[in-house]
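Listed next as C-alpha cells is one chain, alone, in the form predicted alone.
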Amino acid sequence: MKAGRITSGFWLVAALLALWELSARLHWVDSPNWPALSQVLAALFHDIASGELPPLIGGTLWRMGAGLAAGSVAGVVVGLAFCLAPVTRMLLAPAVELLRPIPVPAVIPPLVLFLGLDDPMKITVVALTAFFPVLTNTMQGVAAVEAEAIQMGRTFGVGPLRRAAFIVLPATLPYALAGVRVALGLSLVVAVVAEMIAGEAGIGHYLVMMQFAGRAPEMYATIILLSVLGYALNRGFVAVERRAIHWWFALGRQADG
C-alpha cells in the first residue's frame, strides 16, 4: 500500500471510532447495549490482563491454523492432480462441485454427528473452507504455466513427477499462495462460527456467552479483538508471502497489503 492510502484509511477508522464514542456519550444511540468505545476497550484490556482471553485466542488460532494447513495442502495436491492427471478430475470433480456451494453452517450439524463437538469437527470445517479457494487458484496457476517450460522438461527426460515438483509447482506457487491468503480470512471466520454454533471453548463460544449474559462491553471487545487479529494475520501473511516468492514480486507483481 502507498503511504497516502495508509494515512487515509487510518483517519477513516479513527473517525468511525470517535463517532462510536460520541454516539454513546451524547446518547445519540440511547441503549444499554451500546456502550462507549472507552468502556469496550477497558473491558478488552481487563480480560486480556486477567488471562481470560489469551487461552481462548490461542485455542481458536490453533484450530484455524490446523484446518488451514490441511485444507491448503489438499487444495494444492488436488489442483495439481486435476490438471496433470485428467482421470483424477473426471473422477473427483463432480463431488468437489457438489460440495463447493454448501454453506458452512449447513455442514456443521452432520459433522457434529460424526466427529462430535471437539476439535476434529472444527478443524475439518476450517479445512473444507480453505480447500476450495486454494484448489481454484492452484488450477489457475497450472493453466498459466508456459507450455514451453513443460516441453523443455520432457525434452531433457524429466519424468512426470519431477516435472510437477520442479517445474509446475514453483510456477504455480504464487497463485496457490493467493488462494491461501483468501482462505486465511475465511478460516478465521469459520473457526469462530463453528465455536459459536457447536463449541465449548474458543473465542466464538466466549462471544456467544457474553451475548447471553448481556455483557455488551465484553461482546464488542471480542469483536474488536477479532478484527485486529484478522488484520494482523493478513499483514503477517503478506510479509511471509513476499519473502517466499520474492522473485515473483521482483518481476513487478503487486500484492495489496
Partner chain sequence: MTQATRRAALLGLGASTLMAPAINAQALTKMRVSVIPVLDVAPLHAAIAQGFFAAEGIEIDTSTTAGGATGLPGLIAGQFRAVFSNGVSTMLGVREGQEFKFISGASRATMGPPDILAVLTRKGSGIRSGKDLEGKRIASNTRNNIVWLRGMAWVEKTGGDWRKVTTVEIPFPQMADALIGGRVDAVISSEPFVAAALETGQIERIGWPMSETQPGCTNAHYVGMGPDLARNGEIFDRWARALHKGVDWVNERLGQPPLLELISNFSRVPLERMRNVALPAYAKNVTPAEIDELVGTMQRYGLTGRYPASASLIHKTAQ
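As the structure is a prediction and not an experimental result, all values here were calculated from the model. Residue numbers count along the first chain shown, from 1.
Just so you know, the form predicted in complex with its partner chain exists too; it's not on screen, but the next bit is about it.
In the predicted bound form, Gly116 approaches its partner chain with a heavy atom inside 4.5 Å. Heavy atoms of Gly67 never reach within 4.5 Å of its partner chain in the predicted bound form, leaving it off the interface. Taking the partner from the other structure, its partner chain in the predicted bound form has a heavy atom within 4.5 Å of a heavy atom of Gly214. Its partner chain in the predicted bound form comes within 4.5 Å of a heavy atom belonging to Met209. Within 4.5 Å of its partner chain in the predicted bound form, a heavy atom is found for every one of Ser31, Gly199 and His205.
Comment: 105-113 is the region of 74-82, 105-113, 176-184, 125-133 lying near its partner chain in the predicted bound form, near meaning a non-hydrogen atom within 4.5 Å.
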